[in-house]
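Just the one chain here, laid out as structure tokens, in the form predicted on its own.
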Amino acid sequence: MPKLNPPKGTRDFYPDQMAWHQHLLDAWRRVSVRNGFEQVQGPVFETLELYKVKSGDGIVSELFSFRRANGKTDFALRPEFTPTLARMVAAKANSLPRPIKWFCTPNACRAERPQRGRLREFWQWNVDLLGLEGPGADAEVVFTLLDFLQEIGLKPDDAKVKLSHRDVVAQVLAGLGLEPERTDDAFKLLDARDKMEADAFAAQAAELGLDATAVERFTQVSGKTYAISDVAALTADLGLSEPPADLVALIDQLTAFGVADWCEIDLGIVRGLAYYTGTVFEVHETGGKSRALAGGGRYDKLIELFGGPAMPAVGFGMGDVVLTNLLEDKGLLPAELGDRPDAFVFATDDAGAARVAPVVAQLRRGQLHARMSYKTTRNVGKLLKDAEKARARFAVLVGGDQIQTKHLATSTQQTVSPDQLLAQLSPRPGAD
């Protein structure tokens, strides 16, 4: 029989990998909840039409789509959660309390060429705040994102949130002579900037109808970043009569949240998707070696596209693949993960072997994580090493006439009665 491999662009999660995966999902959930977001979920596949509403017919080539046998409806595996979220909100918009603060951690699939940082199946953290006007909503979503980055050990020297605003960029482009109907084309070009050579970028900018001077200016504007304290310099460079009010208000909110050192302004960030309406942002590694860690922004008109009422909205998505690569590169993946046993139980003699199962059952009924040795050896030294490899808190040595517990961190060993065993092994606050 030929060797069977997983589909290209997917992953098998063996225990070590699954421990990290679950650790990440738990961290996403923990950060979301403490920032006031509630968890939701939707189907792993939707009608193909749902994704076309948000992204147009061009999305079809990026999806794993199918039609049920003898059916007439086309479906697609979930490539992202935002269309599902929009559908869910639109369906119950009048009964949902405002603001709506939701998060989810779904898996998703895209039919594209696998490469570093991008797989065909991935998990994504989505955080969305709907029904709240003003920069405070944008700032709270960005703060939640940065709260997570700090939780996993990253610092402002490792990653930056690049802030931008599509209206400001559109205003600058109009000042350079760009016709309004070419704005979306310009945004798509800006979104692809980091994947292009400088000459190719300039050539495509010229194709937008800009003269040589405007092309040069367009290239400069899209390639420069500003500290958020340099709004005056940004205003002067862009030739604006006054500082961009929305960006200034967002900066003030982020400063109040105490995360200004994580942020900078980069008007080359526009998030090429047409549904974004205002503030946009991405998180990039400062070394520039990887894809964006996260991206999002305002999408104030999306709920209307799905039949709901007008509703302001802002959110972001973060994928697990790029993040894991970055943490691995920086040596920040936790060394030991997974569920640590409270007890590792083994027999020290043949008479004790018959007592192992009852002891294990007692511990498990007492809500303790108990494992047991499946080896026939009675070599206590080898069995203690097995307990240490399992990272157990205690080894439980069962003999024909006694039970002993050994705290593996301190090597403290004592004899206990069966009635004392559960209390002896139950975790205590501050204990190993």
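Owing to the predicted nature of the structure, the values given are computational and were not obtained by experimental measurement. Here the rigid core means the biggest group of C-alpha atoms that line up within 1.5 Å when the two forms are laid on top of each other. Heads up: residue numbers just count along the shown sequence, starting at 1.
The form predicted in complex with the RNA exists for this protein as well; it is not shown, and the discussion that follows is about that form.
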{"property": "Answer range among 22 to 30, 363 to 371, 41 to 49, 57 to 65 for contact with the RNA, defined in the predicted bound form as heavy atoms within 4.5 Å", "result": "57 to 65"}
{"property": "4.5 Å heavy atom contact, residue 403 and the RNA in the predicted bound form", "result": "no"}
{"property": "Touches the RNA in the predicted bound form: residue 257 (any heavy atom, 4.5 Å)", "result": "no"}
{"property": "Partner proximity in the predicted bound form: residue 79 to the RNA, non-hydrogen atom cutoff 4.5 Å", "result": "yes"}
{"property": "Non-hydrogen atom contact residue 94 with the RNA in the predicted bound form at 4.5 angstroms", "result": "no"}
{"property": "All of 112, 271 and 389 with a heavy atom within 4.5 Å of the RNA in the predicted bound form", "result": "yes"}
{"property": "Selected contact from 183, 105, 348, 204, since only one has a non-hydrogen atom within 4.5 angstroms of the RNA in the predicted bound form", "result": "348"}
{"property": "Candidate from 116, 330, 301, 155 lying within 4.5 Å of the RNA in the predicted bound form - any heavy atom", "result": "116"}
{"property": "Residues in 361 to 384 with any heavy atom within 4.5 Å of the RNA in the predicted bound form", "result": "375, 376, 377, 378, 379, 380, 381, 382, 384"}
{"property": "Per-residue C-alpha change between the shown form and the other one, residue 204, threshold 2 Å, rigid core fit", "result": "yes"}
